[in-house]
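Coming up is one lone chain in structure tokens, specifically the form predicted alone.
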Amino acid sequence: MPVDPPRPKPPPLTALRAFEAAARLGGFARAAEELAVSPGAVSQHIRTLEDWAGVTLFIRNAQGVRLTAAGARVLPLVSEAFDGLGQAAQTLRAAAGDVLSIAALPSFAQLWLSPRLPRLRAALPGVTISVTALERPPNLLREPFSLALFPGAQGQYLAQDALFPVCTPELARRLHRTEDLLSVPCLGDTIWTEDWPLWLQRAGGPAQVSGPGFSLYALALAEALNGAGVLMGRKLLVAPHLQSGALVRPFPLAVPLPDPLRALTPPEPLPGPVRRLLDLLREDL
């Protein structure tokens, strides 16, 4: 009679993913943030994997966690496996050829990319373009994005950005010297807290200015358009309003930002629609 004994269970995929994220990022909380679960769930998944393997993967103490020798030995293999799965998913999505998923910093998604979408759609008939706003660049080996647009040191160069104050023409008539900024609200983004100090240092004006901060750059820009104050403008984000005359530059100094806008892409070869999208973005600069 045929023999069909029970076979050993494979390692749980979700537990392997939790282990890889925690080991790569150096902690359960950071892994939980990446995986969109709770730290407790990450801890439980790793316990499940340790029980399955019969080996301890992390040393846990009050200061956090660190890999055991066994965990460190297996991490490169697990990371390579998940990278391979990610590339396989990218290949499958690219085979369809009719969907482009773009990730971008929220301010660039709303103020830089969104105005360009009509032209991109017209130039890519039959292709659906979706946009996801993210605070940090995605891992394109793992996450199914066709392209990511972020300021930084990595990726294909798109455009150099620069800092300079902007405001309505009416408000600009009150500003003759950088010291005049002390008498008006100076608007800024609560993430880009160094923008005003960087420009002021180069301008030789007051050491600091004051005014409300906004968690979204688009909100700060809207307030500048309302005449509520002077915004520390980023060239790529305020350019349309300068062209229309709704905003002006009260001072000529522009301070280049160290990180240009770049396009991050999955590993080559890039699908044709992604290459065409990159060309269109460059042509529009």
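The model shown is predicted, which means the values in this text are computed figures rather than measured ones. Heads up: residue numbers just count along the shown sequence, starting at 1.
As for the form predicted in complex with the DNA, it is not shown, yet the points below apply to it.
25-33, 235-243, 248-256, 212-220: which one contacts the DNA in the model of the complex at 4.5 Å, heavy atom to heavy atom? Single hit among the candidates: 25-33.
Spell it out for me: taking the DNA in the model of the complex, does every residue among Ser38, Arg47 and Gln63 have a heavy atom no farther than 4.5 Å from it? Checked in the model of the complex: all three residues contact the DNA.
Does any heavy atom of Thr56 come within 4.5 Å of a heavy atom of the DNA in the model of the complex? Thr56 lies outside the contact set for the DNA.
Can you work out whether Ser43 and the DNA are in contact in the model of the complex, taking contact to mean some heavy atom pair no more than 4.5 Å apart? Yes - in the model of the complex, heavy atoms of Ser43 and the DNA come within 4.5 Å of each other.
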